[in-house]
Structures are given as structure tokens and as C-alpha cells.
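Only one chain comes next, encoded as C-alpha cells, the form predicted on its own.
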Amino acid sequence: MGKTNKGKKAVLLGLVAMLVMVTAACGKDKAAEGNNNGGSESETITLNMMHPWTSPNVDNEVYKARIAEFEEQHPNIVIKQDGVPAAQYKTKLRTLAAANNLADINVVWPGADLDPLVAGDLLQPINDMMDNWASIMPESALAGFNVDGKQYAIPTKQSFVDIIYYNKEMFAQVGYDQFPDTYDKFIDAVKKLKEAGITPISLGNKEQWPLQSSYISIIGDRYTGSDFLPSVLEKQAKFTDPEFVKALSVIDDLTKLGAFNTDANNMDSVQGQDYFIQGKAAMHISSSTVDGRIRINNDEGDKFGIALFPSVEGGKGDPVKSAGVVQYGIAIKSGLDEKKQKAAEEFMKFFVNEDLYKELIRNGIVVPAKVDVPEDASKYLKEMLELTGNGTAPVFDSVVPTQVVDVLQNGLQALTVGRGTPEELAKEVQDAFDTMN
């Protein structure tokens, strides 16, 4: 190699070295800029989210699709989902709360379920975000998630837990073209269905909440009136009062009539739905949420009607009321670092907005927000809104502390297998409440 070529090679190596130095310097500057802004755009932030959306209900699918859409539009934020079956969800939430180990984003319930989380300073107040929902969210829908002026969650849907789905053909077979409007007629229909060889009521009570929430919430209200549960909490009434004992007696009466399927305590709530949908029983009592499975997305949906629990003789409750509660509030854990807090707020603003509510309505879900009903909404939704639009009764487990709810659930399940009496159960529930206070 000659001197000329050696010289050219030295110049070339020098240029390459200079280019490497300049590139490295630029990289450092960009990194420094990114750090000054709290993280570069390419930085991935992972948020843990715990929810109870594991069953095949239509709203659960809407929620999960919404999460997927958020991740698609926000590639730097990952939502790590912890889906917990509904029957175990509240227990896990309480366990994590006790250990101060909530997920970054949580699905929460109002009232008795929310209070301990707020008392433990475990949720982040979101008052400074409320302008996002000012035009669509009525104060009444927010009230259950507001404690002492601080808002802790935004609800995504309104559930009416006491809808009686009934098979019109089976009722017509025993002489009822309309659903019975009194308890006496209801019991008459149950007896006639039994005589016709038809299981009157499909019940899946393995998780225990159906008899407590879907049945006692409204049967209790029919006998006691809607002021009863608040009065109990204020120690102005007791679970041993005769009206509440009569409500418990309804479960005992239905059991003795053989109204439920024999495997009710081995069947979960979804299996209970299926049992009814498959034409193996004449009624199923559950929430408005399952209308999607029973009617809206069912080719044979027209053969199923909806009704409320009938009036009871001498009852103090209004027979047109339905037991309802806003639920599935989205809440952010308190104490997140700045980056996670910002990402969680971004998720919340995206997840809970008008688009979510309209998609839920489109799938037959009642929502607590003031949004236009899409033209393609199901005719069944309009029927549901008419049925449930005449006043709201409280849902038992949204008002009464969990420890007391657990005692009631265990006792109701025992009644269905012939153990205990309504009077004994009423006393056990009152004792559990007194022990807490």
C-alpha cells in the first residue's frame, strides 16, 4: 500500500470516529431530554388492573374490548389484567386492601363496599378529573362513590338485580297469559308448573349471592319498604322484625314447594341462566345484565318475558320498584408514582366515556349516564328501561356490611336444604350486625 492510500485511509477512519462521537453525543442529549420530561415516549408503563369480568356476560366483553382498544391507541401503556370471578372478587379486594396491596386500577362497588377502602386511604380522589364527565353523569349516579365531598370512582353501569325472566309458553301452558301480579297468584303458578312437570325456578346458588342479592333485596323490600335497611343501620329497626322474617319465609316456602331445581347449590349463576335458556325451567331471577344472554343475543329471545316480583299482602313496599344499584366503579389506587398516576388517569378518561356507555346500551345494558340511546339499541332494552323506571329499591349487599351479608347468605343456602328456620336466620343476621357495633 502506498503513502497516498495510507493517507486516504487515515482521513476516512477519522471521519468515521467523528461521526460515532457526534451520534453518541446526540443520543445522550435525547436521553437527557427524555428524563427531563418524566420519561421518553418509548418508555412502557405497566398498570395492574383487577376486575370481575370473567363470566360470558355481554358487558364483560364490552369492557375487555375497551381495554384492548386503549392498549392499541396507547402502545406505551400496558394494562395487566387480573380477572377474578365475581363470587370471589370482593373477598380478594378486601384481602388486598388489608395488606395495602391494591391493584393500580380497581373495580369497586359503592356504599358499604367502598367505605373501608376510603377509610384506609387506599383510593385516590379524582375531583380534579370530574370535568371529563360533567355533561353526562348525573349527581345521583355519582353519589354512591362520593364520600365527604371527595369522588373516588365513576360507575360504568346500573344493574337491576331482581329481574324475573319467565318462559311465556310455559306460563301459558298453566293458564297464565300475563305474569302473576300478586304473591298468591305467583305461588299458584308455581304449584301448577310443578303439577305440569315443569321446574318452576332455575336457581344457581353455588356462589351464594343470588338468593341474598337477587331475591332478598326485592322480596324484603316488598314486605318492609325501602326505609327498612337504612333504619336497621341506624338501629331504628332490626332484622328480627316480623316483616323481614316474612321475607325470609318466602325462600323457605319456595323450597318446601320444590320450586327450585334440585341441584341449585351445586350450580353457579351462569349455569342457572343456561338451565333456564335451555327450557328446563319456567323462571330465572337475576340481574338486568343477563338480558343479553337470555333475550338480546338469543334467536329464541321473544319467548322470554320480564317481570318484577309481585306485590305481597300487607307489604309496606312499592310493588313497581326494582332493586337497583350503580356499580363497576373505576377507581385509582392512592400513592402511585407520578408516571403511573398520569397513565392511570389517561386510562380512566379513555375507558369511561360516552363511547363506552353507548356500546353498553347497544348491547342491552342499562347505564347511569345521560347519553342518547343509539337507534340500533335492542327493543328488549327499551322494555327493560320501562320495567325498571318506576323507582329504585336498595340492593341488600350494597347497603349492609359484608360480615352480615355473609351470615345471611349462609343461612339462606341452609334454608334451601331444610336446615334452620326463617326466625333463627333472622336472629343470626341481627346477632352478626350487633357484634359489629
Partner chain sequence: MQTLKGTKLAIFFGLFPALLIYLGIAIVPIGLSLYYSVMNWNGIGSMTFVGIDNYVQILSNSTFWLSVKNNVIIMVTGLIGQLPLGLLLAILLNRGLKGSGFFRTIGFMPVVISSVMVSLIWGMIYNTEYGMLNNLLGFIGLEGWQQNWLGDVKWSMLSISIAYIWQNCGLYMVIFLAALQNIPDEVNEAAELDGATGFKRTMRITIPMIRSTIMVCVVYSISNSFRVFDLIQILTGGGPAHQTEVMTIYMYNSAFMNMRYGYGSAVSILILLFSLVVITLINRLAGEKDA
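Numbering follows the first chain given and starts at 1. Since the structure is predicted, the reported quantities are computational estimates derived from the model, not experimental observations.
Below, we refer to the form predicted together with its partner chain, which is not included among the displayed structures.
Flag residue 98 as yes or no: does it have a non-hydrogen atom within 4.5 angstroms of any non-hydrogen atom of its partner chain in the model of the complex? Residue 98 belongs to the contact set for its partner chain.
Determine whether any heavy atom of residue 383 comes within 4.5 Å of a heavy atom of its partner chain in the model of the complex, and answer yes or no. Answer no; every heavy atom of residue 383 is more than 4.5 Å from its partner chain in the model of the complex.
4.5 Å heavy atom contact, residue 280 to its partner chain in the model of the complex: Close contact exists here: in the model of the complex, residue 280 approaches its partner chain to within 4.5 Å, heavy atoms only.
Could you confirm whether residue 357 comes within 4.5 Å of its partner chain in the model of the complex, counting heavy atoms only? No, residue 357 is distant from the partner.
Interface stretch in the model of the complex with its partner chain - options 272 to 280, 331 to 339, 182 to 190, 292 to 300, non-hydrogen atom within 4.5 Å: Among the listed stretches, the partner-contacting one is 272 to 280.
Has each of 117, 406 and 410 got a heavy atom lying within 4.5 angstroms of its partner chain in the model of the complex? Every residue of the spot touches its partner chain in the model of the complex.
Taking 4.5 Å between heavy atoms as the contact cutoff, choose which of 73, 231, 135, 91 touches its partner chain in the model of the complex. By the 4.5 Å heavy-atom cutoff, the listed residue in contact is 91.
Among the candidate residues 362, 238, 206, 194, which is the single one with a non-hydrogen atom no more than 4.5 Å from its partner chain in the model of the complex? Exactly one listed residue reaches within 4.5 Å, namely 206.
So which residues in 257 to 279, when you check its partner chain in the model of the complex, have a heavy atom no farther than 4.5 Å from it? Contacts from 257 to 279: 262, 263, 265, 266, 271, 275.
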